[in-house]
Each structure stands twice: as C-alpha cells, then as structure tokens.
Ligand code: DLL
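The chain below stands alone and is given as structure tokens, in the form predicted on its own.
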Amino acid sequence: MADEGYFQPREETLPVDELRQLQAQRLREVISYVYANSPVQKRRFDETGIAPGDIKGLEDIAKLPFMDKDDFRKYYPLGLACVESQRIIEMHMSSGSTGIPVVMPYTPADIKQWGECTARCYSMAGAVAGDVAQITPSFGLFNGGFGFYHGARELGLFIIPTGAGNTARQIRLAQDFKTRILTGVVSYATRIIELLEEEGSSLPSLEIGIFGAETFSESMKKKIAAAFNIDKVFDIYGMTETGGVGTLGMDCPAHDGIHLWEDHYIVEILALNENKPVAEGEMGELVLTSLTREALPVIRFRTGDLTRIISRDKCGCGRTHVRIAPITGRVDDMLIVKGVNFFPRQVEHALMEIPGVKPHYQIIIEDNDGIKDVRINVEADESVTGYMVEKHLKEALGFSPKGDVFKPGELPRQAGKAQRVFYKNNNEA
C-alpha cells in the first residue's frame, strides 16, 4: 500500500510525535486567535474561567467549553465569525429541524484549506492530475458540489460539474467524456446504478467512486462497487461546521477506517453527554476542534456522530493520521423498538446482505397509543420474499419487523440526500 498517491506527502506521513507537537502548537494559536477575534467565544471562555494562557498542551483541551449546532443557530448568521464580513468570500449552510440554518463562512485561506484537504482525499483514492472527475452533488448552499470542486481544482483534475439531477444526462456525459472518478451522495450513486440497469448500459471508464453525506455501510459499499464493476469505492467525510465535504478525511485503499486529517483537526471520542473520553476502541461521540480554519474555527464541537478509534498506528498506506470507524449513526437517530436499540445504518447493512435486495428502502416508525413498532419496506427482485427479509432482519436486529417487498422503482425517491426514516402516528384521526 505504500505506493498510494499523496497530495501532501510530508503532512500526510508526519511522524506521530511531530504531529502531536504541531497539534499542540496550533491549538495554542487557535485559542488565542478565537479569544481575540470572537466576542462570543471570549465571553464563553471567560464564563468558564479559561484564558488562552491556560492552554499549554493537548491535555488542556478538556478545560475548554463545548460547541454544538445550537450555538450556530443562536448566533445566526455570523455571530460566531472571527473575521469581518468584508473578508468573507463564500458561505455554505445546512438546514436543521429548527428552521434556523447552520452557516459556515470562508476566507480565501479557508477555501485553500478545504481544497487541499479534499485533494488529499482524491489522491488517496488514486486520482492524478488530468483525470476526468464528475461532480454530481448540487452546486449551491449545500457544500457538497463545491467541496469536490475545490479539491479537484487543487489537484488539477478535468472537472465535469454536472451538479444534481438529470440522471440520463449524467450517464451520457460520463460515457462521452470517459469519467474515471464519480463523486456524489451515497443514495444518488444507487439512482445512477438503477438507470444503468434499466438501459442495459455501463460506465466503462469509471474506476473510482467517492461518496459521502450519508451513512455508508460496508454492505452498501460492496453493492455499489459490484454494480459499477469497480474496485475503488471510498467513504469521504466532512460537515458544514468543519468546512465541508473532505475537510475531515476519507478511508484509504486499505479500507480499514477513515483517516482524519489531524494536522487540521483535533479528534476526541467522548462518552455521551460527558466531558470524559471513552476507552480506546469504544463507541462514543466524535468531538472536533478546528486548528487551521480562519473565518469560524469550531472549538470542541460535539458533532453528534457516533464512532470509535480503530487505530492511531501508522497505516499500511503510510499515513500516520488517526483512523476512525465509519459513522454508525447520530446520537439523536438511535431507534428503540420493542426494547431493542438500533441505528438505520444497521438496517441498511443487514438488507444489503440479502441477494436481490435493492438499495432503496424505508424504515417507518409507527406509534400505536404510545407503543412503537417498525415497518421496513424494501425494493427487491421477484426472487426475494417478505419472509426472507423478515428472517434476516430478525437475526441481525433481534426482532421481527413488519414490512413489504416492492418491485424496483416503486418506492418514492427524494432529491439530494435520501430520507430513510419516516414517522407515522396511527393515533391521529
């Protein structure tokens, strides 16, 4: 694996002791910077009794107050920014259940950082300058399209900026321009595969698939790889609060965890609702601190994403940055039915293990006078029966869900990220 491409070889393979020294230095710098340039953060630190001089090493990070999505919404639109609006050249945002969006502003330095981090991901997947990269996420307030674009520009790829939708045209362009790299949200990859199967067509030049924005089970990854007839399918990671897709990292060709770029972010895995790290390898909530963002660095941001450390040792690919498990789910999306706790990703993993089951499914949580039940609807070939699905899910989840098997194409589709979980109140008139 050691010959896999690097975009920034030295930074990606820093000896661990040097990486920790760099993190400590950058932590001191970013805390001083935020304290001096964000009145909101200064007030938060003062209320906690923390001054920049108190942060001397990485172990002192536990002294700092947390941030979460509510902070972004409380100080919408730019109350958390560390720069004046005249220095901001771009912004992206994600919507939330409250209706108040999470906004991330960017300076030119932030765009450069974003592009370099995502270029590392492209290179890690085997991309080289001149490769044809097709970018299918939307180019708009959602950061996906622009994240892939900024990284592709840094690496010097031939960009086809299709954006979202018009799947027939996506396929035609990929065939005509010999797309080698396809990027997108996980569920849109399955839509392209679906149309290719209907047409009896293929993407013969495609070699690399980079997908993100949704939980991505190993079973789904294998299904997508088989359908596209490619070996390289990658799980790219990033979020609005860290600067967008690719800022955090991706899995390397070893596919043994997602590398997080530790020269740009400090990684903590904490017990839920506590300021206490879990034991190495145990599941917990991912907490991140931005070390190199300029417009709005997050400090101990509680992501709500659940994961665990796989290894801090040097990887077979040569990279020394920590590897975490693919995101299992979110703190707030765990489902409890009939006394069994599970996450949508576990359902997906189990479904994709059943031959003939397609990547489109629904998890419907039904409320019957306060008693919750679950219905799982799937699309599948004619050879798949409801009994087969129920039996496999019982083995995987520990209970038997209700549900139906639909023909391919019968379940509704959504633009953008797929909605997998639905709630139905059977008590309503």
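For every residue, the number given is its place in the sequence shown, counted from 1. Nothing here was measured: the structure is a model prediction, and the numbers come from that model.
A second form of this protein, the form predicted in complex with the ligand, is not displayed here; the remarks below concern that form.
Item to check | Candidate stretches 313-321, 160-168, 192-200, 138-146 - the one whose heavy atoms come within 4.5 Å of the ligand in the predicted complex | outcome: Looking at the partner contacts, the answer comes out as 138-146.
Checklist entry - Looking at E154, E294, E207, D305, which is the one with a non-hydrogen atom within 4.5 Å of the ligand in the predicted complex? => result The option sitting close enough to the partner is D305.
Item to check | Answer option from A81, V347, A213, V233, heavy atom within 4.5 Å of the ligand in the predicted complex | outcome: Selected residue: A213.
Checklist entry - Does T240 reach the ligand in the predicted complex, with heavy atoms at most 4.5 Å apart? => result Because a heavy atom of T240 falls inside 4.5 Å of the ligand in the predicted complex, the answer is yes.
Next on the checklist: I'd like to know if I327 sits close to the ligand in the predicted complex, meaning any non-hydrogen atom pair within 4.5 angstroms.
Outcome noted: Because a heavy atom of I327 falls inside 4.5 Å of the ligand in the predicted complex, the answer is yes.
Item to check | 4.5 Å heavy atom contact, V245 to the ligand in the predicted complex | outcome: Yes, V245 lies within 4.5 Å of the ligand in the predicted complex.
Next on the checklist: If we define contact as a non-hydrogen atom of the residue within 4.5 angstroms of the partner, is S219 a contact of the ligand in the predicted complex?
Outcome noted: S219: no, not in contact with the ligand in the predicted complex.
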